[in-house]
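The form predicted alone is given below as one chain in structure tokens.
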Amino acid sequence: MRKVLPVLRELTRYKSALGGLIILSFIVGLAIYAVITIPYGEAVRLWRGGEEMWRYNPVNAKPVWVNYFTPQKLPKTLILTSMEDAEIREEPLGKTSKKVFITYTFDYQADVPPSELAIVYKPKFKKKGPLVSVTWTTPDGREIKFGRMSIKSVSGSGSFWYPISLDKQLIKQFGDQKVEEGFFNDPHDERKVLKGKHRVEITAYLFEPGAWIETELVIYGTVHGLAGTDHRRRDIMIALLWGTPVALSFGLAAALGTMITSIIIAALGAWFGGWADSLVQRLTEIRMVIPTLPILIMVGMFFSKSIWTILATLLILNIIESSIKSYRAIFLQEKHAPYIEAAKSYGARNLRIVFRYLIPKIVPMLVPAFVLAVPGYVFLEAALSVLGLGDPVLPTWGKLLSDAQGKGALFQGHYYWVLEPAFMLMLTGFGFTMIGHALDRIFNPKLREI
């Protein structure tokens, strides 16, 4: 701690280092928040869940903050429930049957129509399901009747989803318009949204004593959450949050593991010399001509795409890497330093000299290189994901970019899907780089500002 505090005080002298510390504090805080609020198992379950889990989210919705930068007011998703947002009226139809009217009224003021419309029926019956129909009254007084059907069965969750936007009768009725545009656009000017109060009345015929029905009216918006949604209705914020601890853990573990093994091997080779040093140098030269990325691609294709398998492969490949030659040159100079000669004179053993005196002497000089190496490994993990070799389980920044590329996000105008993970990657790299260059000035006297 005594050695760390002076370094931190020295860092505060550099504006770039302060900026980097602020960025990394934000990144680390985001990682801690993600792990605490969304446990690992829950994050995996949410990200791997199908549309059943995300049915209330719109498809490919922009982030809500887009509304601050567009002249049009984009709609958010509106979910109305019969128990809280509707007027319910009953009429008896004999001894066991009854007619239930569920009426929703809502004011629509957005400048564009919704992206989708749906009704969720939650009936309770034993044998004979309810008969339902819908009457939609627009602000200009048009009455549109549709959705007449008998609900004979429900899903395991006890709900029956009726996608209004896919109703064949309505698609035929509105012609070239989308169904939601037919409900919300001005019939005299199809480019203009008809603002005002809409009235949706659901009529249900119940045929059994004790039978009942609850409903939900889902008006899907075109914006959702702080990060938007993807093609599977998933909230992109989950991947942005959980991509932070994954990126940091992968980058730090790869940089630290690679540096530790390289330093130890370089120190042992330089100290013992002879055949040991020659072996290390020959292995290093062989490793320098072996490409890393193709090997990682082969491991991902033929063995496992797990991020931890990729990390282990990376560490094995980099046990002997090109930086060993640089470390060896430093150790050869330190090998003949007076403090090393003093340690040899009082009988210190070889391994004690290497690990107690030789390596600790140059560790401060390697701190900047360690910090600067982290973003490289973070980008490597993202690059593997973009190539389709990312971990299929974990939600990461690279996985977001891979999905966006596969679904043509840029061609379809979903720029947020690409820009958000790219921004997080660049922000992480920028933070580590700013601190790394400042540390380089501190530990390398030749680079210090006068």
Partner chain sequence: MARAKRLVHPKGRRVQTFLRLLRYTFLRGLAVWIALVVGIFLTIMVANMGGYVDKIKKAQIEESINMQVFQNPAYQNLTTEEKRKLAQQLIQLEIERLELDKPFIRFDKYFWKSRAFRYLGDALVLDFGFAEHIHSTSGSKKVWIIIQERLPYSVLLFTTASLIVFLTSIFVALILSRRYGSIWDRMSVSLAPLSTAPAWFYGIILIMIFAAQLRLLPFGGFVSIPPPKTMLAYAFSVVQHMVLPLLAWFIAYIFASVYSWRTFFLIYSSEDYVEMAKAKGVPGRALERRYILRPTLPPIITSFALMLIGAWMGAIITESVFNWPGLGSLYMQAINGFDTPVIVGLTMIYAYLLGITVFLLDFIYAIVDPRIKVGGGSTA
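Positions refer to the first chain, counted from 1. For clarity, every value in this text was computed on a predicted model and none was experimentally measured.
The following text describes the form predicted in complex with the partner chain, which does not appear among the structures shown.
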Any chance Met434 has a heavy atom within 4.5 Å of the partner chain in the predicted complex? yes
Heavy atom of Pro294 within 4.5 Å of the partner chain in the predicted complex: yes
Given that the partner is absent here, does Ile38 sit within 4.5 Å of the partner chain in the predicted complex, heavy atoms only? no
Is there a heavy atom of Ala43 no more than 4.5 Å from a heavy atom of the partner chain in the predicted complex? no
Spell it out for me: taking the partner chain in the predicted complex, does every residue among Phe101, Tyr108 and Leu166 have a heavy atom no farther than 4.5 Å from it? no
Consider the chain as shown here, without its partner, and state which of Ile286, Ala329, Ala342, Met83 has a heavy atom within 4.5 Å of the partner chain in the predicted complex. Ile286
Taking the partner chain in the predicted complex as the reference, which of Tyr56, Tyr415, Phe26, Tyr33 has a non-hydrogen atom within 4.5 Å? Tyr415
From the candidate stretches 123-131, 137-145, 301-309, 232-240, select the single one in contact with the partner chain in the predicted complex, where contact means a heavy atom within 4.5 Å. 301-309
Of the residues spanning 406-424, the ones with some heavy atom within 4.5 Å of the partner chain in the predicted complex are Leu410, Phe411, Tyr415, Val418, Leu419, Ala422
